[in-house]
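We begin with a single chain expressed as structure tokens, specifically the form predicted on its own.
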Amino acid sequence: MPKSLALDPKKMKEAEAALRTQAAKLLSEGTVTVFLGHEEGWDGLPVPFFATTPEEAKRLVWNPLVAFNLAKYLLDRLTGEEKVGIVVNGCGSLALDRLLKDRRFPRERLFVVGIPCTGLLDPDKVLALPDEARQAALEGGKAEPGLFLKRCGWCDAPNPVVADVVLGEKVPEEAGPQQYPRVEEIEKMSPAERAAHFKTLYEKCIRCFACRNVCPACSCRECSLDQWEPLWLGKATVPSEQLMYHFIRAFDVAGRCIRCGECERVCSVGVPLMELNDKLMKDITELFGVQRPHVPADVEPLGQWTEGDADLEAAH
């Protein structure tokens, strides 16, 4: 976890200027043909932006509201041989590394610009603030802890884990064991209480698939949930189908979730989707001794077998 979540607007402005310069240089020299970053949207929030010229690189922004990961947009550029530039912070680089470890995009076609992170604000919460408070949070660095993204509270990878060049000084890290307080509360429930708990949560789901679409661990060419043969999931929004969808999704990313919390952040009806993801990560830690299960590895614990696996010991 970062030692401080206090924003430093001055450093972010410096990073933004350096990012524009770096992207313009890469494009002008032909090192990349397109650079993936953010530009300011019509409502003031950053939106994904593909710069293709040095002049367009001047539109790139880096501010406390660049909340979403860009890595999954690379899947739209799988065809061809173009080299793509991309900017990432700590959790953004975990998303990128997830795609790389899953061999979903060739590393040789990437130029990665990393920027260390001291925390990002939740765009929805910031937009809901009065104008004066919003300006103070964005420009003065006076943001209340509750305004930060949830993932900032448990982040232990504020510095990019994948980068060809890093802009700015690294942030101190404290990479201790991850904590899952909400999971511990759920584990104390009886089986019937847990079933009722998750049924109540998932009944709200409208099956918009935003959680799947934003997840860097969900990168299959064809999702099993979209298949007609075999038909894993019906179209009715009834509790049984909702539970089936969420359990399939969670178990599909088990051992590969980077704990970015994007699925929960983009949920249109506010389902706390990280509860189940965190439960699976907690189990992986306890069963396989992996202290940071959200950090991509060359071979994930659920992708290998050893004689010391917990299930084998239990069988004996």
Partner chain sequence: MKRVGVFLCWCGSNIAGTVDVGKVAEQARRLPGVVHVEENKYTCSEPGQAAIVKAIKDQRLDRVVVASCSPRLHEATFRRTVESAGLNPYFFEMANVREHCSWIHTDKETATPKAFDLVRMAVAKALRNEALTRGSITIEKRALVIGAGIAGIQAALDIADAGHEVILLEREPTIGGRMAQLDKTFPTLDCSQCILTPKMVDAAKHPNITLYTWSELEKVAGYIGNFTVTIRRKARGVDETLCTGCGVCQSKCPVKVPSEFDEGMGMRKAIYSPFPQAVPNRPVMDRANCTFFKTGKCKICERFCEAKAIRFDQEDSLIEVKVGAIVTATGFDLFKVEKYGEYGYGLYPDVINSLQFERLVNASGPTDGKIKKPSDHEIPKSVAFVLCVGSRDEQKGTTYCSRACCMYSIKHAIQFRDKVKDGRAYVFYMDIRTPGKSYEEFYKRAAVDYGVEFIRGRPSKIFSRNGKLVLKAEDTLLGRPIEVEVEMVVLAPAMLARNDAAKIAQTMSISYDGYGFLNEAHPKLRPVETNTAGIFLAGVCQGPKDIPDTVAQASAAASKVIGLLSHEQMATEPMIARVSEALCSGCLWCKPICPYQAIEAKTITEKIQGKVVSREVAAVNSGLCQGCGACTVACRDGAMNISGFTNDQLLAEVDELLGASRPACAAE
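What you see is a predicted model, and the numbers here were worked out from it, not measured in a lab. Residue numbers count along the first chain shown, from 1.
The next section is about a form of this same protein that is not shown, the form predicted together with its partner chain.
Between 160 to 168, 219 to 227, 135 to 143, 86 to 94, the stretch whose residues reach within 4.5 angstroms of its partner chain in the predicted bound form through a non-hydrogen atom is 219 to 227. Residues A18, R151 and V295 are none of them found to lie within 4.5 Å of its partner chain in the predicted bound form, as judged by heavy atom distances. The closest heavy atom approach of F111 to its partner chain in the predicted bound form falls outside 4.5 Å.
At the 4.5 Å threshold, heavy atoms of R259 stay clear of its partner chain in the predicted bound form, well away from it. When its partner chain is considered in the predicted bound form, K125 lies well away from it, no heavy atom lying within 4.5 Å. In the predicted bound form, its partner chain stays beyond 4.5 Å of every heavy atom belonging to E14. Residues of 229 to 254 that come within 4.5 Å of its partner chain in the predicted bound form, judged by any heavy atom, are E229, P230, L231, W232, D252 in sequence order.
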